[in-house]
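Following this are structure 1 and structure 2, which are two forms of one protein chain, each written alone as structure tokens.
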Structure 1
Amino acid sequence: MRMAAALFAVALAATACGGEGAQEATATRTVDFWYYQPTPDQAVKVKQLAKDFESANPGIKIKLTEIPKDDYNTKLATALNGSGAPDAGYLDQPQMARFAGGGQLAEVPAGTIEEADYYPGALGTNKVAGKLMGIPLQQTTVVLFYNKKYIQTPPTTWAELIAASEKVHREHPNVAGVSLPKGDGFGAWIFPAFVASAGGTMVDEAAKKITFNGPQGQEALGLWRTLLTSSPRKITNTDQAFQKGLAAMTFSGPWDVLGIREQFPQLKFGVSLLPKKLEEASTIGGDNGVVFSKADNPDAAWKWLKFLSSAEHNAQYADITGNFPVNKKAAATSALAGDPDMKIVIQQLESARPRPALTEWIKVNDDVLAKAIEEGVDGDTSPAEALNAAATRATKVLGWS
């Protein structure tokens, strides 16, 4: 009781001192927003963006919480079950179905955004069972990085890629041709790009059938296995092999374009489309903004997400984080759009395919596909055997058997 009285007195005093601004001050709504921990430099810029939003929307305060990307989903799931849950935050595209299915996400109120303003690929990752559960914030894809010291004209086909890798390693035995993705979640995210380039698909959702073990998938995994002979892991297992000039090529995304320029300015590198077999293809990734169903201030949170994805600010936001705008109007104004390397990435984005929108896809990606890559590329198992075993497992994980 005494506590309440004291609080009341303090509040009264604050109101009295506040004068004209008092009404707003008492109505301040705070939006706790969780996002991936950026570099210190980026964090300053995001904070500035939040300040811009606050001055345009008096009465709303944005509390930015930075979470290391690797721990994000874990921390979020834990917080949502306990206390300290945020109002809004990032959600990785493949996590949408899981969190929506658990009733943790609020549906986007009708009229919050104009769906036609967004790239359909990025927007589509926000739909769960036909309902819009989030707002796309940024998207990304994967391209070929090459070290200009070893590669003058980047390879455009698989055959050229193999030849270039072998040539580099033959002429420079201490340099690997390609810093090849490993059998982990990241490698499994990139792998579908190569399957698609060979003309294949990962799954047939309608028929509930795994297709990544078809001939195209086997060709894709076979390509990586071939590349491994001219790209020894002993060289590429060192930390940041490409950045240190120990690998002539690698597959990575736009975040590395900015990262390498910032941290390895001496490295002369170029970016080109992923070498293709039959068609141009890459993989798509990115982050959506969601509001959680237990949010204290959902209206304010939606305003903030709308701000981040708006034509005026989405480009600025994506520029800060090293990703691409999802808002079509913003894309034209992106500072990165004029960058020659980034132009390649934008071009690659047109042929980027989203991953299957299945709740259990994360497990298929991280456990099943990752293992198949490890076995079929680094191990003694043939690509065909590794993928067939993976298909059996994936069928079971997805409950399709």
Structure 2
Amino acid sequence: MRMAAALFAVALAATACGGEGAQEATATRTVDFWYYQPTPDQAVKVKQLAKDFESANPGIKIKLTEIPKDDYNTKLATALNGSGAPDAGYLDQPQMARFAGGGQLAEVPAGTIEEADYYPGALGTNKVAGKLMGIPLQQTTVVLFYNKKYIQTPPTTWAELIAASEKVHREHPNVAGVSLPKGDGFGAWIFPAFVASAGGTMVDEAAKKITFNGPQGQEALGLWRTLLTSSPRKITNTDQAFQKGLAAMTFSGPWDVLGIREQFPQLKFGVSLLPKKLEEASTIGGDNGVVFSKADNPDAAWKWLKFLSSAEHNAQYADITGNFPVNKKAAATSALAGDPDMKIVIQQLESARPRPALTEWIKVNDDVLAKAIEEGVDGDTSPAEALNAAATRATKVLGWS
């Protein structure tokens, strides 16, 4: 008993000598991380990933908070403006400027990541006014789909795309060359890819000037208008025209690879990079990881986001959630890299471009560009007239006039 008492006393003394430093060393920091509600199977795998992180980072606990995707932005805004704000979470890239402008995001501390490790487009979706406000986690992009019955060699240039479309429709009048984007939010999201391919840009943020109505933008919209001649809407307005074999080509994302395989197994299709004018380009969408300005444990939160986007774990995380990794080294190890169609999507991510990081860009996309596409492709207005009118409206929406 004497020996036991002595050892207990030594232990107490040692603890006392450790003082506040020892208490801090053993304190546990909890990172409340909000993300979209996964499937039950995905949830189990994400929890295991969090446990792996906790094992590698003693003293940090990850609290995974699952939010239905449709409710996410509303719940997040409510939490950030009240109590119960998370430390970190997802943020859809169009929301980056809005939340950063409201002072609700923390800037990524210098040295947290190596920017060169990520696809430039994916990283660019995190930059607001030149500042890195988040870390890309998982993204997707758009490629060319083609029906192998009509297209044996996919076009690689705009000239080849036009020629292929005209050839298909000439030889098969009931088949459209391309199921073209329409004047809606999706079409407006894809349009910048074609502007970039022609060497153009959408805006000049420094000069607060709209640039999508320049010669390159007019070429891009002019391409779609030209394609419309061999791609009549009376054919492509049929629901899922490409999937039903009524259009030889279309522009879409990897979600349709899986959808076609499951629902239209008879369709023999291929995937290739978007045809280019001057340079390869596509659009990009997906989720970034951000740390909120009210975070209780920002340092621990950045460690968690760095872990999810690292070369060692980004492919694992993207595979769990069914998306594409954004870390270039991780992409090569993704399960999707073994699928020939998905491999093309990964390749297209290399040239994908971010949309302008402006608070009101969604309104420009959905209300202004969509209308310009409708007028300049399907209407009686020339691409130049439609885009010039859109530039005037966009200038007002952005408050640049």
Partner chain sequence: MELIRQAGARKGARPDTFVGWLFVTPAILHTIVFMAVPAAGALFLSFTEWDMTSAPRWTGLRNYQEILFDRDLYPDFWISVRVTLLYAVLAVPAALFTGFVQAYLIDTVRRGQGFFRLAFYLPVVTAEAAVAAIWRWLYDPQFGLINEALGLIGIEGPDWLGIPEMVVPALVLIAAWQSGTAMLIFLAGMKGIPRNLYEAAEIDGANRRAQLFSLTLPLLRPTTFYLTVTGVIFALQMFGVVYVLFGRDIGGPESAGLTYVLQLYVSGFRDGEMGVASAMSFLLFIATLLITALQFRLSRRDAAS
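All residue numbers here follow the sequence of structure 1, with the first residue given the number 1. Remember, predicted model here, so these are calculated numbers, not experimental data. Under this definition, the rigid core comprises the largest set of C-alpha atoms superposing within 1.5 Å between the forms.
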Only one is the form predicted alone; which? 2
Quick check: residue 131 between structure 1 and structure 2 - does its CA shift reach 2 Å or more after fitting the rigid core? yes
I want to check residue 140: does it shift between structure 1 and structure 2 by 2 Å or more at the Cα, with the core superposed? no
Threshold 2 Å Cα movement between structure 1 and structure 2 at residue 297, rigid core reference: yes
Residue 288: CA movement between structure 1 and structure 2 [superposed on rigid core, Å]: 3.8
